[in-house]
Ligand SMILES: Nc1nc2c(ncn2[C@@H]2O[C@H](COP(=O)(O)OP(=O)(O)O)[C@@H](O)[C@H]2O)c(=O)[nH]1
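Just the one chain here, laid out as C-alpha coordinates, in the form predicted alone.
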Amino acid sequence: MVEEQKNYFVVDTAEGSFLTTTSGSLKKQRKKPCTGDLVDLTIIDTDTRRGVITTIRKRTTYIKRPALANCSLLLCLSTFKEPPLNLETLDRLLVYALLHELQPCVVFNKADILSDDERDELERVADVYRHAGHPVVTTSAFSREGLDALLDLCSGRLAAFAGPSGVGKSTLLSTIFPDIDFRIGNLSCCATRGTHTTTNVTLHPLGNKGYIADTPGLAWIDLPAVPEENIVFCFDEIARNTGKCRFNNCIHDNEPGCAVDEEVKKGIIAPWRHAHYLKFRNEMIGKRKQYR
(Lines give C-alpha, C1' and ligand atoms only; values in the text may rest on other atoms or scores of the structure.)
Protein backbone atom coordinates (compact mmCIF):
# COMPACT_ATOMS: atom_id res chain seq x y z
CA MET A 1 0.00 0.00 0.00
CA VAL A 2 1.44 3.37 -1.00
CA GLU A 3 -0.99 5.87 0.52
CA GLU A 4 -4.07 6.26 2.71
CA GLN A 5 -6.78 8.65 1.49
CA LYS A 6 -9.46 9.11 4.14
CA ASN A 7 -11.48 5.86 3.95
CA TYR A 8 -9.58 4.48 0.95
CA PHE A 9 -6.17 2.94 0.40
CA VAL A 10 -4.04 3.28 -2.72
CA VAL A 11 -2.34 -0.01 -3.64
CA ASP A 12 0.45 -0.25 -6.20
CA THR A 13 0.39 -3.39 -8.38
CA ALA A 14 2.05 -4.65 -11.54
CA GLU A 15 -1.07 -3.46 -13.39
CA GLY A 16 -0.96 0.03 -11.87
CA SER A 17 -2.55 1.68 -8.85
CA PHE A 18 -5.95 0.74 -7.42
CA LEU A 19 -8.21 2.59 -5.00
CA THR A 20 -9.28 0.05 -2.41
CA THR A 21 -11.23 -0.62 0.77
CA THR A 22 -10.70 -3.44 3.25
CA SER A 23 -12.70 -6.66 3.31
CA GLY A 24 -15.41 -7.35 5.86
CA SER A 25 -13.26 -9.97 7.59
CA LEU A 26 -10.42 -7.48 8.12
CA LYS A 27 -12.89 -4.94 9.51
CA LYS A 28 -14.29 -7.54 11.92
CA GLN A 29 -10.73 -8.26 13.09
CA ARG A 30 -10.15 -4.49 13.36
CA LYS A 31 -7.14 -4.80 11.09
CA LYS A 32 -6.28 -1.69 9.11
CA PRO A 33 -3.45 -1.45 6.58
CA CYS A 34 -0.90 1.31 6.77
CA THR A 35 1.46 2.77 4.21
CA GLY A 36 4.15 0.26 3.29
CA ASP A 37 2.04 -2.82 3.97
CA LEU A 38 2.21 -5.74 1.56
CA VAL A 39 -1.39 -6.80 0.90
CA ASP A 40 -3.41 -9.28 -1.11
CA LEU A 41 -5.96 -7.61 -3.35
CA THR A 42 -9.15 -8.66 -5.08
CA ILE A 43 -9.81 -6.46 -8.13
CA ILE A 44 -13.45 -5.43 -8.44
CA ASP A 45 -13.37 -3.15 -11.49
CA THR A 46 -10.41 -2.65 -13.82
CA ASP A 47 -12.02 0.35 -15.54
CA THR A 48 -12.49 2.40 -12.37
CA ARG A 49 -9.38 0.87 -10.77
CA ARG A 50 -11.22 -0.35 -7.66
CA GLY A 51 -10.40 -3.27 -5.41
CA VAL A 52 -10.65 -4.82 -1.93
CA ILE A 53 -7.77 -5.67 0.38
CA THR A 54 -8.30 -9.20 1.67
CA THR A 55 -5.04 -9.88 3.55
CA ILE A 56 -2.37 -7.80 5.25
CA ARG A 57 0.90 -9.71 5.22
CA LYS A 58 3.27 -9.94 8.17
CA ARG A 59 5.34 -6.79 8.68
CA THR A 60 9.12 -6.88 8.94
CA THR A 61 9.24 -3.47 10.67
CA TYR A 62 6.62 -1.05 11.92
CA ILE A 63 6.76 2.60 12.95
CA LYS A 64 3.68 3.77 14.84
CA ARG A 65 3.81 7.53 14.32
CA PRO A 66 3.68 8.30 11.45
CA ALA A 67 2.43 4.81 10.57
CA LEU A 68 4.82 3.09 8.17
CA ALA A 69 5.39 -0.65 7.63
CA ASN A 70 8.25 -2.63 6.11
CA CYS A 71 10.70 0.27 5.98
CA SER A 72 14.34 -0.87 6.04
CA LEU A 73 16.32 2.36 5.56
CA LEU A 74 15.91 5.65 7.40
CA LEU A 75 17.54 8.66 5.71
CA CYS A 76 18.29 11.02 8.60
CA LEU A 77 18.46 14.50 7.07
CA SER A 78 20.30 17.43 8.61
CA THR A 79 21.86 20.65 7.39
CA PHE A 80 25.04 22.36 8.53
CA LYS A 81 23.29 25.73 8.31
CA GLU A 82 19.83 27.02 7.34
CA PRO A 83 18.80 25.57 9.79
CA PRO A 84 21.94 25.15 11.90
CA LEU A 85 23.08 21.60 12.57
CA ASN A 86 21.34 20.12 15.62
CA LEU A 87 23.46 17.17 16.70
CA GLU A 88 21.03 15.99 19.37
CA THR A 89 18.20 15.80 16.84
CA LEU A 90 20.43 13.85 14.47
CA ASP A 91 21.45 11.41 17.20
CA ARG A 92 17.80 10.97 18.22
CA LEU A 93 16.93 10.03 14.65
CA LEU A 94 19.78 7.52 14.51
CA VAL A 95 18.76 5.94 17.81
CA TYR A 96 15.11 5.94 16.71
CA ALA A 97 16.04 4.05 13.56
CA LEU A 98 18.14 1.47 15.38
CA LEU A 99 15.49 0.84 18.04
CA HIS A 100 13.03 0.13 15.21
CA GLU A 101 15.53 -2.21 13.50
CA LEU A 102 16.04 0.14 10.56
CA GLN A 103 19.39 0.93 8.97
CA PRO A 104 20.07 4.64 9.42
CA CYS A 105 21.97 6.76 6.93
CA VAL A 106 23.22 10.26 7.79
CA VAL A 107 22.37 12.76 5.04
CA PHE A 108 23.79 16.29 5.21
CA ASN A 109 21.73 18.34 2.78
CA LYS A 110 22.11 21.84 1.24
CA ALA A 111 25.83 21.33 0.62
CA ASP A 112 25.74 23.94 -2.17
CA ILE A 113 25.44 26.84 0.31
CA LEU A 114 28.55 25.93 2.32
CA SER A 115 31.90 27.69 2.14
CA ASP A 116 35.11 25.69 1.91
CA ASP A 117 35.76 26.17 5.63
CA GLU A 118 32.22 25.04 6.47
CA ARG A 119 32.64 21.97 4.29
CA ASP A 120 35.85 21.11 6.13
CA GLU A 121 34.08 21.43 9.48
CA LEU A 122 31.14 19.35 8.23
CA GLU A 123 33.56 16.66 7.06
CA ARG A 124 34.98 16.42 10.57
CA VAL A 125 31.45 15.85 11.89
CA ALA A 126 30.80 13.31 9.14
CA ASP A 127 33.93 11.38 10.18
CA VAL A 128 32.48 11.00 13.68
CA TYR A 129 29.40 9.26 12.25
CA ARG A 130 31.47 7.11 9.92
CA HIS A 131 33.51 6.04 12.96
CA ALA A 132 30.20 5.10 14.60
CA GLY A 133 29.43 2.82 11.65
CA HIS A 134 26.86 4.94 9.83
CA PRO A 135 26.93 5.61 6.08
CA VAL A 136 27.13 9.35 5.35
CA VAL A 137 26.01 11.16 2.19
CA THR A 138 26.37 14.88 1.47
CA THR A 139 23.66 16.14 -0.88
CA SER A 140 22.34 19.16 -2.73
CA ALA A 141 19.10 19.28 -4.66
CA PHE A 142 20.38 22.18 -6.76
CA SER A 143 23.79 20.84 -7.78
CA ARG A 144 22.59 17.21 -7.57
CA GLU A 145 25.63 16.40 -5.46
CA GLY A 146 25.30 13.02 -3.76
CA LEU A 147 21.95 12.10 -5.33
CA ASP A 148 23.31 9.08 -7.19
CA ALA A 149 24.88 7.75 -3.99
CA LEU A 150 21.61 8.35 -2.15
CA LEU A 151 19.54 6.52 -4.75
CA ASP A 152 22.00 3.62 -4.77
CA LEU A 153 21.39 3.19 -1.04
CA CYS A 154 17.62 3.22 -1.62
CA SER A 155 17.64 0.78 -4.52
CA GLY A 156 15.46 -2.27 -3.92
CA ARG A 157 14.31 -1.05 -0.51
CA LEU A 158 11.60 0.94 1.18
CA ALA A 159 13.42 4.02 2.44
CA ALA A 160 12.05 6.98 4.40
CA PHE A 161 13.17 10.57 4.71
CA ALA A 162 13.19 11.87 8.27
CA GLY A 163 14.47 15.03 9.87
CA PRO A 164 13.42 18.37 11.31
CA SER A 165 11.50 20.78 9.15
CA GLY A 166 13.53 23.04 6.91
CA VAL A 167 16.32 20.60 6.04
CA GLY A 168 15.07 20.28 2.45
CA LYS A 169 13.22 16.96 2.37
CA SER A 170 10.58 18.21 -0.06
CA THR A 171 13.15 19.88 -2.30
CA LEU A 172 15.18 16.67 -2.49
CA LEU A 173 12.04 14.69 -3.27
CA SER A 174 11.10 17.19 -5.99
CA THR A 175 14.50 16.64 -7.58
CA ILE A 176 14.25 12.86 -7.37
CA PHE A 177 10.62 12.84 -8.56
CA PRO A 178 10.32 15.86 -10.90
CA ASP A 179 6.82 14.91 -12.08
CA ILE A 180 5.34 15.16 -8.55
CA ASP A 181 4.34 18.48 -7.04
CA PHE A 182 5.72 18.54 -3.50
CA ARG A 183 4.83 21.45 -1.27
CA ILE A 184 8.02 23.24 -0.26
CA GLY A 185 8.02 25.46 2.81
CA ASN A 186 10.28 28.36 3.74
CA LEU A 187 12.35 28.80 6.87
CA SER A 188 10.74 30.85 9.61
CA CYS A 189 12.57 34.16 9.90
CA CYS A 190 11.95 34.18 13.65
CA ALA A 191 13.00 30.70 14.69
CA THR A 192 15.09 29.54 11.69
CA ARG A 193 12.88 26.48 11.59
CA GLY A 194 11.15 25.17 8.54
CA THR A 195 7.41 25.19 8.09
CA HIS A 196 5.69 21.83 7.93
CA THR A 197 4.91 20.82 4.35
CA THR A 198 4.00 17.13 4.71
CA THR A 199 1.00 15.81 6.64
CA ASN A 200 0.69 12.13 5.65
CA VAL A 201 2.97 9.29 4.59
CA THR A 202 3.17 8.58 0.86
CA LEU A 203 5.37 6.11 -0.99
CA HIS A 204 6.94 7.14 -4.29
CA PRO A 205 8.25 4.35 -6.55
CA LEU A 206 11.83 4.36 -7.83
CA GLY A 207 10.91 2.58 -11.04
CA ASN A 208 11.17 -1.11 -10.16
CA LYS A 209 13.90 -0.44 -7.62
CA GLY A 210 12.01 0.27 -4.40
CA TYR A 211 10.19 3.20 -2.83
CA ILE A 212 10.96 6.38 -0.94
CA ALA A 213 8.48 7.51 1.73
CA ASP A 214 7.66 11.16 2.21
CA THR A 215 7.02 11.54 5.95
CA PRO A 216 6.19 14.25 8.49
CA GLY A 217 9.52 15.20 10.03
CA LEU A 218 9.12 16.09 13.69
CA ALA A 219 7.02 13.03 14.58
CA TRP A 220 10.16 10.88 14.37
CA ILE A 221 11.92 12.53 17.31
CA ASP A 222 10.25 10.78 20.27
CA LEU A 223 12.20 7.70 21.32
CA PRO A 224 10.26 4.55 22.26
CA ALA A 225 10.58 3.29 25.82
CA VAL A 226 13.21 0.54 26.03
CA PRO A 227 15.43 -0.80 28.84
CA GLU A 228 18.10 1.82 29.48
CA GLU A 229 20.88 -0.73 28.99
CA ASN A 230 19.82 -1.09 25.34
CA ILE A 231 20.79 2.51 24.49
CA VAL A 232 24.52 1.75 24.45
CA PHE A 233 24.04 -0.55 21.45
CA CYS A 234 22.77 2.46 19.47
CA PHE A 235 26.20 4.12 19.91
CA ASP A 236 28.55 1.64 18.31
CA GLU A 237 31.74 3.52 19.15
CA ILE A 238 30.75 3.28 22.84
CA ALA A 239 29.50 -0.31 22.68
CA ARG A 240 32.88 -1.42 21.27
CA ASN A 241 34.35 -0.77 24.72
CA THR A 242 32.17 -3.40 26.39
CA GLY A 243 34.38 -5.45 28.71
CA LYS A 244 37.25 -2.95 28.67
CA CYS A 245 36.18 -0.95 31.74
CA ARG A 246 37.37 -1.76 35.27
CA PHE A 247 33.84 -2.65 36.38
CA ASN A 248 31.58 -4.98 34.42
CA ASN A 249 28.50 -2.89 35.26
CA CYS A 250 30.09 0.39 34.14
CA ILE A 251 27.56 2.73 32.53
CA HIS A 252 30.33 5.06 31.25
CA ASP A 253 29.41 8.01 33.43
CA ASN A 254 32.65 9.04 35.20
CA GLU A 255 33.23 5.68 36.90
CA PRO A 256 36.86 4.85 37.81
CA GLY A 257 38.67 2.99 35.06
CA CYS A 258 36.02 3.70 32.41
CA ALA A 259 37.42 2.97 28.94
CA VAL A 260 34.78 5.17 27.30
CA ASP A 261 35.73 8.21 29.38
CA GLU A 262 39.36 7.67 28.34
CA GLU A 263 38.41 7.59 24.65
CA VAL A 264 36.37 10.78 25.07
CA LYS A 265 39.39 12.50 26.64
CA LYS A 266 41.59 11.31 23.76
CA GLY A 267 39.11 12.54 21.15
CA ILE A 268 38.38 9.04 19.85
CA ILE A 269 34.73 9.35 20.89
CA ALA A 270 33.07 12.72 20.23
CA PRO A 271 31.99 14.44 23.47
CA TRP A 272 28.51 15.17 22.10
CA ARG A 273 27.95 11.51 21.24
CA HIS A 274 28.88 10.49 24.79
CA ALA A 275 26.65 13.23 26.24
CA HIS A 276 23.70 12.16 24.10
CA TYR A 277 24.18 8.52 25.06
CA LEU A 278 23.92 9.47 28.73
CA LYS A 279 20.96 11.78 28.10
CA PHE A 280 18.96 9.17 26.18
CA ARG A 281 19.85 6.52 28.76
CA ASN A 282 18.53 8.75 31.55
CA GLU A 283 15.37 9.39 29.51
CA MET A 284 14.74 5.64 29.41
CA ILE A 285 15.19 5.45 33.19
CA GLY A 286 12.65 8.25 33.56
CA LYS A 287 10.16 6.50 31.29
CA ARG A 288 10.57 3.21 33.16
CA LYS A 289 9.83 4.91 36.49
CA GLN A 290 6.87 6.75 34.97
CA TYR A 291 5.29 3.57 33.58
CA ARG A 292 5.75 1.81 36.93
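Since the structure is predicted, the reported quantities are computational estimates derived from the model, not experimental observations. For every residue, the number given is its place in the sequence shown, counted from 1.
There is another form of this protein, the form predicted together with the ligand, and it is not shown here; the text below is about that form.
Engineer: Using a 4.5 Å heavy atom cut-off, indicate which stretch of 126-134, 168-176, 84-92, 203-211 touches the ligand in the model of the complex.
Structural biologist: Result for this chain: 168-176.
Engineer: Just one of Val106, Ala141, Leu150, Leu98 has a heavy atom within 4.5 Å of the ligand in the model of the complex. Which one?
Structural biologist: Selected option: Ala141.
Engineer: Applying a 4.5 Å heavy atom distance criterion, does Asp112 contact the ligand in the model of the complex?
Structural biologist: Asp112: contacts the ligand in the model of the complex.
Engineer: With the partner left out here, check for me: in the model of the complex, does some heavy atom of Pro164 sit within 4.5 Å of the ligand?
Structural biologist: Output for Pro164 is yes: heavy atoms within 4.5 Å of the ligand.
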